[in-house]
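In the form predicted alone, a lone chain appears below as structure tokens.
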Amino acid sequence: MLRFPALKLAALAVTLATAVPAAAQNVIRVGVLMPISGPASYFGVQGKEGIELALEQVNRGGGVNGFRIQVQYEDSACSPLQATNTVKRVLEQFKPHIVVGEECSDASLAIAPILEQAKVPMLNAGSATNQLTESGYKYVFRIFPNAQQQGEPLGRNAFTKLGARTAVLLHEKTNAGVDNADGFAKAFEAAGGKIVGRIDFGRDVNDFTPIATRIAAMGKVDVLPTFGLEGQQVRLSQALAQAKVVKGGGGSAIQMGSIWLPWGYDAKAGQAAVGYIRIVQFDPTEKRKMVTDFNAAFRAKYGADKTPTHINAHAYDTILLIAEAVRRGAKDSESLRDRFSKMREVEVTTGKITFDAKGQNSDLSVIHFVETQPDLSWKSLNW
């Protein structure tokens, strides 16, 4: 049985919208906007797994201060336009007290002002762009480290821990891709490193051979910071390995990344992933009790061979945080916003959550570095 002593959730109960008629109880309505279709659909699949596990676990207690939580899933497709249309419809029809989502930064930026105007909090667990919590919004809260919080340690450690002096930046043409690359570049150059190339790509690119060939022609490059969705990262890593640029292909360059890739990327990329160093917000090998309990519960529900990803954990944690806010007295949008703003060092599976005045989680205990080993397992790096 999974317990959450840090959140005092023993008496909490959370259920899906369809489980109990809204008229029969006090409810907290949660609209969940996630990519269910498109190239980022794995976010939706894994996010729903995490949410449903959290609902199942905390539903055993009988209620959250007399309230139940209703969840409605919607496909926002990692698209600003679809996310905008979806959130307007959800606000009108479902009337949520809070919205969880979106995963992709451009979609999150599109819905943030709409939710701000409606005075409905956004709890974001997957968007990296700095703008989301730097635009003066009062109803945006993010547990995910922003691009600066990820890029700075990535660039600094590339220089100090790996001894890297040259880098080629690889990133998708999105706000998150640009911000992550900029964050790395700022820290790496401040330490004394040199950016010798910067290559961006759209989400429609499937063949990365030309990019890999171009990098191979540059000669020795120490690190390749890479920021993109899983499918493209797999193909890019394989192209770099085939061109003998990265360690996985017999080269010397080390590919690095931030919290974009879920557990399982390594197996999909195969040998090309060997030597890849990246930041993860959730490390399933961590021995903290909340993590080991979460792992056990996840495997009990989804299969003994399943390992939860950071996406599973993020989604799981959003429900825990909403439930914790209700336990502290929240009962509507405004009181949810108030309780979130006062959260300090709340332990969840991904680490501790402390929201600063901008709604950004300021506790960097959620950042871990790992390196892919020859057997495609992770080695935790004490950085």
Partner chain sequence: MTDLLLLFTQQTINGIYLGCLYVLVALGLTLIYGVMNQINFAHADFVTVGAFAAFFVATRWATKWLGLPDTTGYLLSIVAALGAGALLGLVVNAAVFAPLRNRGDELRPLIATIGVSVLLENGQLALFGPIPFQFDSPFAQHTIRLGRIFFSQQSVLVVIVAALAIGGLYAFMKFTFLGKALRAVSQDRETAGLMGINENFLIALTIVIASALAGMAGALLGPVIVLTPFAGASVIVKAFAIVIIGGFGNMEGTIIAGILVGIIEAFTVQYLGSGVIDLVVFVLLLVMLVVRPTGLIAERREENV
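Positions refer to the first chain, counted from 1. Computed from a predicted model, the values in this text were never measured in an experiment.
Another form exists, predicted together with the partner chain; not displayed. Remarks below refer to it.
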Picking from 321-329, 38-46, 63-71, 347-355, which part of the chain touches the partner chain in the predicted complex when contact means heavy atoms within 4.5 Å?
38-46
Kindly indicate whether I199, T209 and Q242 are, all three, within 4.5 angstroms of the partner chain in the predicted complex, using heavy atoms.
yes
So, K268 and the partner chain: in the predicted complex, are they within 4.5 Å at any heavy atom pair?
yes
Contact between A296 and the partner chain in the predicted complex at 4.5 Å, heavy atoms?
no
Is D305 a contact residue for the partner chain in the predicted complex, using a 4.5 Å heavy atom cut-off?
no
Would A217 count as a contact of the partner chain in the predicted complex, using a 4.5 angstroms cut-off between non-hydrogen atoms?
yes
Tell me, out of K173, K289, K95, K194, which residue has a non-hydrogen atom within 4.5 angstroms of the partner chain in the predicted complex.
K173
Single option in Q232, N130, Q149, T86 placed near the partner chain in the predicted complex, where near means a heavy atom within 4.5 Å:
Q232
